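Shown here is one chain on its own, the form predicted alone, set out as structure tokens.
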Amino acid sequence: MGTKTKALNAESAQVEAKAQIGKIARVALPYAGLVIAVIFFSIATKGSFLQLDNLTTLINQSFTLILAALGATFIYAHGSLDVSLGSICMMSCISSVLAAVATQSGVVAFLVCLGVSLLCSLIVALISCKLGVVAFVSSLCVSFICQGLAGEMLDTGEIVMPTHIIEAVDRPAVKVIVIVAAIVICYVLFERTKIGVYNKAIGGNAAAAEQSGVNVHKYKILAYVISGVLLGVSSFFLICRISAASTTTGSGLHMDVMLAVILGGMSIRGGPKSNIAAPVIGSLTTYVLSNGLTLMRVDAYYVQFIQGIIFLLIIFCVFDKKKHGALPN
């Protein structure tokens, strides 16, 4: 009996060790993937990838996605799925440019962009929390409303942001400062305050969180507020980069955000394992891949194909499909 018990204990310890190694590997894989991609493209492009001009391009390309994904992480943490991000971005950009053209003020344009984004995000949250509508459905409704209003607001097809506002805002140094500040603030909110801790608890088990005294609706709404603010900031910088707003501005942003979060190793089912590093790592990986492949003169269609294959590999390797897959059922 003693020999059999020792054998069972040894086998159990071996299984536990393998499981622990698997967990560490799943956490490290997104970081390792980004590092490997950077090294590979640096070599494959003979150093062109690391040139200052290209790094500036990477900052410009990834800026909007990083900020939007940082905000959306608070929503994903409690298990909600917001598909209105792209439409809200579009509505914010159009409203911002209209305000800029009318007042010639960058400050007014920024405040309008921020206000519209925050208002739309709050509407999604209130419909979901106060009326008991599933977050996916409430965000889909707001998305349709934004698209309809945008069509009415734009008679000419697109509207251009005044040049002096673009020149004042669209600077790599400003974007780096904003990204660093956003990451630090989001990290503190997500990991060190009740907003992040409670949203992760709600994503793990909303009923248990409520029984423990957590005001579920309050902290869900706060998550949408944070998302709305960051989406507003990212939308303003986006419109200053592309210079003109139309009904296609921000198209597909919600899918890009979802992809970035998952590529960063976080399940959008939410829960205690949610982390604020995922949207940053995932966003950078997305644009490092597209930028590097473009520098290698790979056809755009093949770029999407390769990204899709890598996306599937990440999901397969990072997530435990039996327990908590990347996507909600």
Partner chain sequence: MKKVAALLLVLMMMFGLVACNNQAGENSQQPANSDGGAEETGSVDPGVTIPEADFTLGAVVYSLSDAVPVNVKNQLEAYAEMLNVELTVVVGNGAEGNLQGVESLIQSGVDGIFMMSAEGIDAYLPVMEEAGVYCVLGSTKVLTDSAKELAENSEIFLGQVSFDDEEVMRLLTEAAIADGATEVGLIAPTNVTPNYLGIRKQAVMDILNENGIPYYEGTGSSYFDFAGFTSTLLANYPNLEYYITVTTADSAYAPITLAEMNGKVKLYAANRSDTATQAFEDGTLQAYVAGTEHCAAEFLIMYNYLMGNPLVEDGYVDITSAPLYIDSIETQQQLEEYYNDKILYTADFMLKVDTLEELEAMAEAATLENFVAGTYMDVDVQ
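Residue numbers count along the first chain shown, from 1. A quick note: this is a predicted structure, and the numbers were derived from the prediction, not measured.
There is another form of this protein, the form predicted together with its partner chain, and it is not shown here; the text below is about that form.
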ask   = Does each of L67, S267 and N275 have at least one heavy atom within 4.5 Å of its partner chain in the predicted bound form?
value = no
key: Partner-proximal stretch of 246 to 254, 176 to 184, 106 to 114, 71 to 79 relative to its partner chain in the predicted bound form, 4.5 angstroms, heavy atom   = 246 to 254
message = Taking any heavy atom pair closer than or equal to 4.5 Å as contact, tell me whether L293 reaches its partner chain in the predicted bound form.
response = yes
message = Would you classify F144 as touching its partner chain in the predicted bound form, given a 4.5 Å non-hydrogen atom cut-off?
response = yes
query = Heavy atom to heavy atom, is P172 within 4.5 Å of its partner chain in the predicted bound form?
reply = no
ask   = Heavy atom to heavy atom, is Y31 within 4.5 Å of its partner chain in the predicted bound form?
value = no
key: Contacts with its partner chain in the predicted bound form - residues in 283 to 311 whose heavy atoms fall within 4.5 Å   = Y287, N291, L293, T294, L295, M296, R297, V298, D299, A300, Y301, Y302, Q304, F305, I306, I309, I310
